[in-house]
Structure formats: structure tokens, C-alpha cells
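Here we start with a single chain on its own, the form predicted alone, put down as C-alpha cells.
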Amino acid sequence: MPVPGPGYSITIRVDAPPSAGVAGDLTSAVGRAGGVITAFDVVDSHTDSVVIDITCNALSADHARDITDAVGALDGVHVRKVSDRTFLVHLGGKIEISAKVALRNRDDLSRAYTPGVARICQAIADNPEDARRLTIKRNTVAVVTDGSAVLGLGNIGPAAALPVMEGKAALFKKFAGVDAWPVCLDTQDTEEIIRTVELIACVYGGINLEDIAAPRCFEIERRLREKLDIPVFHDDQHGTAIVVVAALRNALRVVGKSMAEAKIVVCGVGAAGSAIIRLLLQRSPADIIAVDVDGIVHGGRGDTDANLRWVASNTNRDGRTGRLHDALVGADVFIGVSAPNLFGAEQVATMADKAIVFALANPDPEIDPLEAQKHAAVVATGRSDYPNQINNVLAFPGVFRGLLDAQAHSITDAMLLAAADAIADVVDGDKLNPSFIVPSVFDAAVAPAVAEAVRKVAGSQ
């Protein structure tokens, strides 16, 4: 199922004989090793040799080494060096600070800094709300993590989480013009995290919590929302939920079903799964069955986790028990935010007619999409190499753009649902089909539409 992608892109520089067949030999060697060539450049030439850069995509770091070995094994070919293009992108970090005002002379300095800046400081001291108007607070978000649940890597700590938070900040700027900054905290103590964010919040117009493990993330978000006068948004929960609700609205349109008749299985009841359930309940589906590693969640399991108890009391109306395969029987929709390879086509066949499968575990989904397509009418994943990618980038830039523009002090479910509807509406009736239920993350219409929808709701509350 996996195909070579740009996440493992390498450039191999080789010395090779200047023969007519050298290009074919090199490309064939890469092909036999399973690589996908994206560029082939002669960078230098001599009478007795040529220097060639071969750029190709691989499946993994080990696969990249296999490709390099295959090239180096050719007669007369010498591998000079191998550059990992992903590492090159990260050299020195991916973001920077730049000044918005010119500092060309003494007059500029006097206004931007001392003595003129003292007047601005006094204005804010007299009216603290002016910080939103006269400082970076107006357009700045903190991307806060403790590094405890980073991508699919788990608890790797704050320093190792920094590249992800940098990337998040770059996406904020690219898609919504929001200035975001990584705040990676070297603690996983709930109280320390809450207090630290509380202490730095005066600088920011919003807080984006990121990659904090459940159940700690629930308490952190709840408490910060109570304490702060700026919106607090846990993207792993609410960003995912927004895009899932948007995608499901359109998928149900494709198969001709309503939310009110949809029986939905949600596999994974951590941060993302719980938020999906909470937001879907606002749309009143026929039923939701939640499933975790211990099977179907129900009131008789004796769960001690507060989140699981809430899920049990708000889902599974008929008190069903069993495992994931049991939950799938007769279901209209599967939404997975859990683990790879949990079921196959034979289980999809037990679902209702015109079933919808959202297998969102990354990088390997709960079911091979090609297997799911044997029986499901609509299939979505979290991957970029299959149709219908459900990606948080569709939500969080526009959500924060709208919150900042409205100078909002909080975020509500009504705003989240408005964001979901805005994303869904970008795919109009002429575009909608089983392979296109959500817009591309590069669709320039998405972030402005989401921002406007959120801003309107924020302004009416």
C-alpha cells in the first residue's frame, strides 16, 4: 500500500562514466530498488566522467539506503554524497522573525523604540485592552506542547517536538497570515503547564495546544479556558473534529443519507476521537458507537477515566457490547483515529449499504483504502497520496484568523460547527463526488471562508 513520497526524498550525487547508456543504467537501478525519480541533473562533465544528481522519493530511511546501494553497485559509478532533502529543509529551523517597520535612521528608532515607545507602554498600562491594538497580540498565537503525543511518535519530549511546532507556525502564516510561535514546555505536569501558559498569555491573541497526550490534554484545555480571556483551542481535538464533521456532511450527501439516520462507529477515544464524538452529537446522528482497545464503550465496563464515562453515558443507546468487528455490523459510517490494520474488506461488507469509511490513522490507516473501496461508497484517509485527505490544515488557520479578527475571548461549539460548514460548502454540488468530499488544503478559498464563518458567530455572541 505505501508508495514512495517526498517525506523520504534524497539526492544522490555520483561520479559516472560518460557513456551513452549511463542515464538508463542509473534510472533502472533506482527503479529496481523501488525508488521514484523526480529529477535527474548533470551538474558537471569531463572527458572521463560526469557528475550527476539523482533525486528520488523513497519509502523510509532504510529504503533510501537500499536505493543508494543499488546505484553505487553499478560498474564505474561512485557515490559522492547523499543529501536528505527533508533534513535540508529543517536546517536552522523553518521560521523566523522579521520587523514590520523600517529602522533606517534615528527618527525611526525614536518612534519604534526609546523614547517614543514609552508612550505606547503607558497607553497599555492605562488601558490593558489596547495591547490587542498596539502590539503583536493582535495577530499572534502560541503553539504550546509538552511533547507527550507527537504525531505517531509518542512521548518524545519538547525539544524533539519543536520541528512539528515550527511547521505548525509556518502553516498558520502561509494559509491565514497568522503569526504563530512554538512554545515547547519542558514539563509534563498538568499544573505547571497550566500555570506557565497562564503567565505568558498576555503576549498572545490565542493559544493552540498541540500534541499533548490524553487525558491530560482535556484538563489543561478546560482549565485554561476558564482562566484566560483569549481563545484556547486544542487542534488535535477540535481541528480534527471540524474537518471530520465537514467531510461527513458531504459524504452523506454523496450516498443520499441524512445525519439523523446515520449509525456511526468511532474507533479511538483519545483526544481526537472524543472531540469528534462531542461535535457529532451536536448534529444529532441516529447513534454513535465508540470503540477503544478494550472494545465497545458502554456503561457496564466500569471505566474509571472521566472521559470514557462521559462517552459511555452519551453514546451507544442500545448498550451494545463486543469488539470493533461487532460494532461495524450495520453501521453507516466508520471513523478511525486509532491504530493501523484493524479490519479488512470482509468487515466493511457487514456495514450498511453505501457505507462511509474514514480511516484516519497515520501513516498507516485502520484499513487499506483499496480494501475499503471494495464495499464502501466513500473512503477517506489522513494521507496525502489518496483522495479525500482529512487534514487539520483545512481548519486551524481559518479558525484562528476568524478568532483574531473578532478579538474573541473564547471559542464555542457554534464556532466549530460554523467552521465545519464553511469547509463543506467550499465543495459545491458540481464538484462533489465520492473522491472529492473535502477541498484541497491548498484551496485558497478555504481559510477565508472558515475565518468569515467563525468571525460572524463570534461577533453575534
Ligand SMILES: NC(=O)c1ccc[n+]([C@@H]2O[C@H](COP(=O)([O-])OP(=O)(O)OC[C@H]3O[C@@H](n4cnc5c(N)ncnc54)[C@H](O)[C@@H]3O)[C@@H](O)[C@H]2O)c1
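Position 1 is the first residue in the sequence shown; the rest follow in order. Bear in mind that the values here come from a model prediction, so they are computed numbers and not experimental data.
Although not depicted, the form predicted together with the named molecule is the subject of the following passage.
Asks: Superimposing the C-alphas around the site, does the named molecule, as posed in the predicted complex, end up open here or blocked, where blocked is 3 or more of its atoms within 2.4 Å of backbone or C-beta atoms?
Replies: If you fit the named molecule onto this chain using the C-alphas around its site, the pocket comes out open.
Asks: For the three residues I136, P182 and P231, which mark the spot I'm curious about, does each lie within 4.5 Å of the named molecule in the predicted complex through at least one heavy atom?
Replies: Result no, not one residue of the spot touches the named molecule.
Asks: Which of these residues, L328, V245, A169, L342, gets a heavy atom within 4.5 Å of the named molecule in the predicted complex?
Replies: None of the others qualify; the residue that does is L342.
Asks: Exactly one residue in P158, G268, P285, P369 has a non-hydrogen atom within 4.5 Å of the named molecule in the predicted complex; which is it?
Replies: Contact check passes for G268.
Asks: May I ask you to state whether V293 is within 4.5 Å of the named molecule in the predicted complex, using heavy atom distances?
Replies: Yes, V293 sits close enough to the named molecule in the predicted complex that at least one of its heavy atoms falls within 4.5 Å.
Asks: For L360, is any heavy atom within 4.5 Å of the named molecule in the predicted complex, or not?
Replies: L360: contacts the named molecule in the predicted complex.
Asks: Is G273 one of the residues lying within 4.5 Å of the named molecule in the predicted complex, judged by heavy atom distances?
Replies: Flag for G273 set to yes.
Asks: Quick one: is T240 in contact with the named molecule in the predicted complex, heavy atoms, 4.5 Å cut-off?
Replies: T240 belongs to the contact set for the named molecule.
Asks: Just one of 333-341, 370-378, 81-89, 115-123 has heavy atoms within 4.5 Å of the named molecule in the predicted complex; which?
Replies: Result for this chain: 333-341.
Asks: Do any residues of 189-226 have a non-hydrogen atom within 4.5 angstroms of the named molecule in the predicted complex? If so, which ones, in sequence order?
Replies: Residue within 4.5 Å: A214 only.
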